[in-house]
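Listed next as structure tokens is one chain, alone, in the form predicted on its own.
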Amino acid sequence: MSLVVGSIAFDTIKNIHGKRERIVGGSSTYYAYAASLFENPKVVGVVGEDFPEEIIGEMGDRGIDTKGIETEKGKTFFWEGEYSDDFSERTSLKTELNVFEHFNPKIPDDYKEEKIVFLANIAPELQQKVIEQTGKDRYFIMDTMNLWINISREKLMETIKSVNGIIINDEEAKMLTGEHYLFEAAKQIKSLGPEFVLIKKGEHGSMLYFEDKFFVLPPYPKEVVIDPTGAGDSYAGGFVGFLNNEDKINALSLKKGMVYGTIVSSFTIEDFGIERLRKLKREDVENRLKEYKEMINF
């Protein structure tokens, strides 16, 4: 099983398809729902007293281990954002950290032996604390965002040196390295220490740099996007969830993981928040995978 440490939140999302207020979100949430299609992920996070118990129960019903989710006095982390009509821009309208402001991840003893630890989008200082608590024998994969690149670059660089792999989007890769050419950006990030660099390119697919070789995948085409929020986190969940069942993490398993990440995230964008993931089954993923194979085969 994999372990994920990150945010659990309420989101208010507005886009061309409408507005949804205070729906369940957060990087760990998307990751866990996606990974649960392949394994039984363990989650470490914090919520407030206002977080619905039925969601925690539902996560448990899906095989997600929620023992590491703490409930603190106060309100759950809240984010509100609005997308441009073509989804090319996202504007944050409100961010209320609430109980997440003082989040100090505590890893339960029986969580410390998991094969893969996914460090979701939290401050690099917190990611380092997780690494210190779980030990160096784990396989660490991390995510990050432009905020940490801007305000915690030094700490972020230290964390990147400590992990086996990093998942990052194209804009963040360019910002981190100062490179406009993604292939060169991937090489520079890998030179910091990780075994692999996986760059998400949104509607243009994803790219892997591993063992001095590149592997590029197109997206699964969707004519209509309802909500792209959490697509990257669910990509990570599908990717890591698949990897967790592989005997070895090598070029082949990483490539297959990317395919599953691509397929799972293509479902996420079909509805607001985690709604599509809540109904998604492994059978749905495998059926779409067959279509995807036909598309990219030549």
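Quick note: we count residues from 1 along the sequence shown, nothing fancier. Just so you know, these numbers come straight off a predicted model, no measurement behind them.
The form predicted together with a small molecule exists for this protein as well; it is not shown, and the discussion that follows is about that form.
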Exactly one of His204, His102, Arg153, Arg90 comes within 4.5 Å of the small molecule in the model of the complex through a heavy atom, and that residue is Arg90
Though the small molecule is not shown, can you say which of Asn244, Thr229, Ser266, Ser36 has a heavy atom within 4.5 Å of it in the model of the complex?
Thr229
Is every one of Tyr139, Gly165 and Leu252 within 4.5 Å of the small molecule in the model of the complex, counting heavy atoms?
no
Within 4.5 Å, heavy atoms only: does Ala9 come near the small molecule in the model of the complex?
yes
Look up in the model of the complex whether Thr95 has a non-hydrogen atom within 4.5 angstroms of the small molecule, and give yes or no.
yes
Non-hydrogen atom contact Tyr220 with the small molecule in the model of the complex at 4.5 angstroms
no
Heavy atoms within 4.5 Å of the small molecule in the model of the complex: does Leu147 have any?
yes
Using a 4.5 Å heavy atom cut-off, indicate which stretch of 244-252, 47-55, 22-30, 258-266 touches the small molecule in the model of the complex.
22-30
